[in-house]
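Only one chain is shown below, in structure tokens, and it's the form predicted alone.
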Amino acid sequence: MGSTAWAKKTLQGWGRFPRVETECARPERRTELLRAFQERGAAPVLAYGLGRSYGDAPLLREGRQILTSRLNRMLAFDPETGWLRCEAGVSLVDIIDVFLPRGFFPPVVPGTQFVTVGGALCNNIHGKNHHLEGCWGDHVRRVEVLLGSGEIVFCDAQTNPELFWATTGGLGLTGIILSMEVQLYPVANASIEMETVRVNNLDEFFEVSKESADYSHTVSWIDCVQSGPTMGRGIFMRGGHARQGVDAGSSVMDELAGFAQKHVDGRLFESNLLLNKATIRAFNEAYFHKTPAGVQKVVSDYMPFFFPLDAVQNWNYAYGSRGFLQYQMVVPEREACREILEIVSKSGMASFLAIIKEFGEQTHGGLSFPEPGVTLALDFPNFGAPLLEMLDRLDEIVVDVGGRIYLGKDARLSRENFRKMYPEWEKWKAVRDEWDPEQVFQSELGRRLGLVG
């Protein structure tokens, strides 16, 4: 048996900011992962999945990173209950490809299917059904973790519950997740019965959101360029998996999405000048008026409903070589959301992607992001200092009302504001330090926010 092959690679999150050069190993099998861990020397280490966290959470300078995407084996499945046991490198698209034809779907999905189940638990991801189903970790019953000591342990709600709690949403800083058991949910087919509702401002969004509480999945696109009486206009989408016999078939849009996924690559459009306020305003105007006023009912394939941006490979490159930053926050007060939209609208730094949703009442604790309130996700091209200054200003609004920003998408939050946003951080760190006293697992985000060391 040979030794681990370490190679220098430049790694980045989905936002392509920042980027780090680090020593990496890419094990094919579990035994190779364990050997790489033992052969890392005294260096700190961090697992890296498919790189869909946006900022510096998946990155580690002056350490070793173990790439886990090839550790993607399905280990067991119970068709009676839907429980799947799989390695941490299994992706949501792997699960969908295998189990959707059998009538099962992942319990929670974010805006892309290209995330590993390990990453899903480390970020405790949420989806369009958060208001009813909570987060990914709410559907996981057992996790296998490689500790800094080299010991492998299982944790769940009864066995090592504090490790299970800290690992769920723990950003990979408690150990390397080897496998987990997650419950898939039965669905009738691959179709979604969906309604779109055009809303003319933020007040209408909140009215429609309240009316839609019983829909299993809700989310809204918002035109963040607007101000005044049209601020917050957008398209509200609500729906869920279709009933037996209701099939979307193959629409022109589905065929176009399939063509784009095969043939269109965002790297062809890489430019620091492409996404600016003028182009975003033009896109928003066309997109808003594309949807007729009132309630429109359609039956859609699951892909454009759950993963619309997956239709274009490497769409993150369209933000140019400087990359982009996603700012996703949740605030318990609606007026804070209005204040943030006003600042963004006046800044001239328009967001191409702007998604708004109201979370449910579930609280998850630790470093998990969702809490009751309204969440807004905004993508900004990396304008440098002016953008960072505006985001610092938004942080102060979020802190003042008891909100927080999503660490899995962060690249610049200050340690001071992090500690105000996540009041359980000391409790979380105490658990992490107990299970990793030698500080083996580290990340750039963990160092920046004082979660390690």
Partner chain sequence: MVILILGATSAIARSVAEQYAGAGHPIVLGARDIEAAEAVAADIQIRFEVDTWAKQFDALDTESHADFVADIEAEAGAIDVVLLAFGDMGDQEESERDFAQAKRVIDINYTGAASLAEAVASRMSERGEGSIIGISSVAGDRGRKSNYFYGSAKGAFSLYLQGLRNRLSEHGVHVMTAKLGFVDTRMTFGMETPIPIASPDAVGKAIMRAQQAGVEVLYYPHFWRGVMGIIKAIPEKVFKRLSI
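Residue numbers count along the first chain shown, from 1. Here the structure is a predicted model, which means the values were calculated and not measured.
Another form, the form predicted together with its partner chain, is not on view; read the next lines as being about it.
K.L.:
Counting only heavy atoms and a 4.5 Å cutoff, which of 385-393, 421-429, 50-58, 22-30 contacts its partner chain in the predicted complex?
P.N.:
That would be 22-30.
K.L.:
Just to confirm, with a 4.5 Å cut-off on non-hydrogen atoms, which of Gln113, Ser347, Asn72, Ser300 contacts its partner chain in the predicted complex?
P.N.:
Selected residue: Asn72.
K.L.:
With its partner chain left out of view, which of Asp310, Asp138, Asp94, Glu371 would have a heavy atom within 4.5 Å of it in the predicted complex?
P.N.:
Going through each option in turn, the one that passes is Asp94.
K.L.:
Does its partner chain, in the predicted complex, lie within 4.5 angstroms of each residue among Leu67, Ala76 and Val98, using heavy atoms as the measure?
P.N.:
So, yes: the whole triplet contacts its partner chain.
K.L.:
Taking the shortest heavy atom distance, is Arg102 within 4.5 Å of its partner chain in the predicted complex?
P.N.:
Because a heavy atom of Arg102 falls inside 4.5 Å of its partner chain in the predicted complex, the answer is yes.
K.L.:
Arg35: heavy atom within 4.5 Å of its partner chain in the predicted complex?
P.N.:
Because a heavy atom of Arg35 falls inside 4.5 Å of its partner chain in the predicted complex, the answer is yes.
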